[in-house]
Ligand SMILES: NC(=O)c1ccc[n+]([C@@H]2O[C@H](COP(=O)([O-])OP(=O)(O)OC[C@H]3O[C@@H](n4cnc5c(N)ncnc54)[C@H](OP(=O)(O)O)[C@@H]3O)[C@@H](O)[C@H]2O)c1
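Given next, in structure tokens, is a single chain: the form predicted alone.
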Amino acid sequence: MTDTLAFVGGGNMAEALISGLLRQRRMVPEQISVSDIQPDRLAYLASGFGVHTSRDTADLVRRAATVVLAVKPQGIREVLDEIRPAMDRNPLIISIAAGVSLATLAAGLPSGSRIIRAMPNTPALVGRGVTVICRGDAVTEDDVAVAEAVLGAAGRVWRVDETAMDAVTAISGSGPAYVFYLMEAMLDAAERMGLSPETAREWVLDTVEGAAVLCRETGRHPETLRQQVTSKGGTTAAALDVMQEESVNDHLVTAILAAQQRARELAEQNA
């Protein structure tokens, strides 16, 4: 990548992308600029990564070939109003503002703007994220390649149609929280059984990571792997029997569908 990249918003996700881009040598600090309303945050990014920072968002957008909108969804309209007059070069716009549709973004930007909507998740902060993208009508294959290069600095990137974005939000965007919730329960149980918090944490982390790697590398369905580790009358069966009696699976599915519904509601509010 040789063009300039501007981040509007310098929060954790912007930092994750900047760190990945520089660590993987996809860009150099001189190619990256960041604007944010918090001077302390800009000072941190400038000193930590050597990137250019400014409070003048319009000026950064005016100079950039690609712009990442890394702001909260409730602030997106103000940001679009600010950058609209500065889009003479028609930069590629990549929005990671959750729940903000392509139509909403297009309505706030000049006609013909090249817009990509992205949904990353929090493991991007350690380079293991999943980011799903959908493209606007004016976007070219070269634009998508640029977006994949930028967002791929923090993990894997998948293309979907925008109609799938609410489901993506429920599964991938919110998904890490479901795993953390299970981990909380495992830690709680471990401590009740007398294990030290430090030991329990390491065992739970290794167990969750190992299970995910096993599922990926064997290519087997989680149901198959669960059955293989569950001996009749054994300890695993005792735990799973309780989960079955309590309809844990049904409750989890209902919860995830509720996340999808909330994603739809938020998208309507941001329209």
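None of the values given here were measured: they were computed from a predicted structure. Residue numbers here begin at 1 and follow the sequence given.
Omitted from view is the form predicted together with the named molecule, to which the following refers.
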With a cut-off of 4.5 Å between heavy atoms, is Gly129 one of the residues that contacts the named molecule in the predicted complex? no
Even though the named molecule is not shown here, does Thr66 get within 4.5 Å of it in the predicted complex, heavy atoms only? no
In the predicted complex, does Asp88 come within 4.5 Å of the named molecule, counting heavy atoms only? no
Does the 4.5 Å heavy atom contact test between Thr104 and the named molecule in the predicted complex come out positive? no
Residue within 4.5 Å of the named molecule in the predicted complex by heavy atom, from Ala97, Ile115, Met165, Val150, is Ala97
Please name which of the stretches 141-149, 106-114, 189-197, 70-78 has residues with heavy atoms lying within 4.5 Å of the named molecule in the predicted complex. 70-78
Any residue of 126-147 that, in the predicted complex, places a heavy atom within 4.5 Å of the named molecule: none
